[in-house]
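As structure tokens, one chain now follows by itself in the form predicted alone.
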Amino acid sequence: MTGTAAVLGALSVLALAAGPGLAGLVQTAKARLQGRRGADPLQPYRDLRRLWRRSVVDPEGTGAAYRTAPAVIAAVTAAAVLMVPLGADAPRWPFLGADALLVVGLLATARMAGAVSAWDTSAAFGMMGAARDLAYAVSGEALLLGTLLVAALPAGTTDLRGLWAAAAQAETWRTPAHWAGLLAVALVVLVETGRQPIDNPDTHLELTMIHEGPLLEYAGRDLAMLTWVAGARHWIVMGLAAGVFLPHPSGAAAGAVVTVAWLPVLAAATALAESSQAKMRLGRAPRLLASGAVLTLLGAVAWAFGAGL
């Protein structure tokens, strides 16, 4: 492993702790935009410390699916965090590789494990939230897959390091496929982080919960792991948006700095989008995600017919 790869690998390991801070930055920016003081970006870490000190809860009748779900979800999410590229020389982790399709698979595995754990409790609100979460996942993760595949067209590979390197090339920005993916990835960020208008992360009403619904029966360290996962997903999707779709230098050091610098910008943009619109009705959100799928399809068609080449 080269020195550059070692540094980028160390930054990826540090990113395991950065996700909650990125989610806290979104909440802080949202509060400022709404004229409230709000909590500082470090509040998620205080919440995690508080939850970690509490005891876990085992609802009566639950089995192995409920008990193992938090660890499984945290493990596969951590693997996805490590795969987010910060440079073309990012290390290839053992048993992981760097393929964009694997990231989509890991996120889908985490979501499915959460749904199974909710069904294991047989709690009405948890099962309702899990069903809604899976319904959105059909559109959301298909859209994520579509955006990554569209980005792979000009890059000629689904390797995340190759996608990162392609985004640094001027030729990539002259292709309609890349621009289509750039527009569609904004919807990916909203759906994968559970933000408005797709979902409301601040809701306390069980009837309106989506991403929070499957977590209702958890407490203590289990809930701490799942709360960390929610923050880590911010890093994953925003990191992919910054590294794969936004411009940055091709140099290892400068490219990594610019990629990381894009993250607070994306957090502020997410807060602005969330503050400027209300939550959609459940039946309308898939239509919005379908518009993103149309964008990726148009980009692929334009690429197939050689537009902009």
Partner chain sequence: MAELVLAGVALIVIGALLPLRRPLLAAGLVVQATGIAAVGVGGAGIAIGGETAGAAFSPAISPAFGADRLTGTMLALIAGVALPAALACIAYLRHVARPGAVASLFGCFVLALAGVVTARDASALLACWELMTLLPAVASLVADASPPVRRAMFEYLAITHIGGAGVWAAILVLAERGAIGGPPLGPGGATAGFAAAAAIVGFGTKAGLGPLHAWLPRAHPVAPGPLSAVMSGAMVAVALYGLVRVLFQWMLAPAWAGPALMTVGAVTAVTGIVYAAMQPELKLLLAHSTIENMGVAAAALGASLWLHGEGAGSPAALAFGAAMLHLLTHAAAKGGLFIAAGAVQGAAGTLDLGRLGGLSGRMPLTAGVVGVAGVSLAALPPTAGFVSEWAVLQGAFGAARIDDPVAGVVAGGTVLLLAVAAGLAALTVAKMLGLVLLGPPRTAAAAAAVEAPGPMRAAGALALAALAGLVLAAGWILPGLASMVPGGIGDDGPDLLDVPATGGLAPAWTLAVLAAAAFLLTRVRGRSAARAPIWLCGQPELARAPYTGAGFTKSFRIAVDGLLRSERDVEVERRGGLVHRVTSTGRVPDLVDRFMYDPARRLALAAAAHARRLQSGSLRAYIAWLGAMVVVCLALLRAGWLS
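Positions refer to the first chain, counted from 1. As the structure is a prediction and not an experimental result, all values here were calculated from the model.
What comes next is about the form predicted together with its partner chain, which does not appear here.
- The closest non-hydrogen atom of P249 lies beyond 4.5 Å of its partner chain in the predicted complex.
- Its partner chain in the predicted complex comes within 4.5 Å of a heavy atom belonging to G146.
- Although the partner is absent here, D89 sits far enough away that none of its heavy atoms falls within 4.5 Å of its partner chain in the predicted complex.
- Although the partner is absent from this view, W262 stays clear of its partner chain in the predicted complex, with no non-hydrogen atom inside 4.5 angstroms.
- Within 4.5 Å of its partner chain in the predicted complex, a heavy atom is found for none of A10, Q43 and L266.
- Just one listed stretch, out of 121-129, 164-172, 177-185, 233-241, contacts its partner chain in the predicted complex at the 4.5 Å heavy atom level, and that stretch is 121-129.
- Residues R92, F95, L96, D99, L101, L102, G105 are the members of 91-105 with a non-hydrogen atom no more than 4.5 angstroms from its partner chain in the predicted complex.
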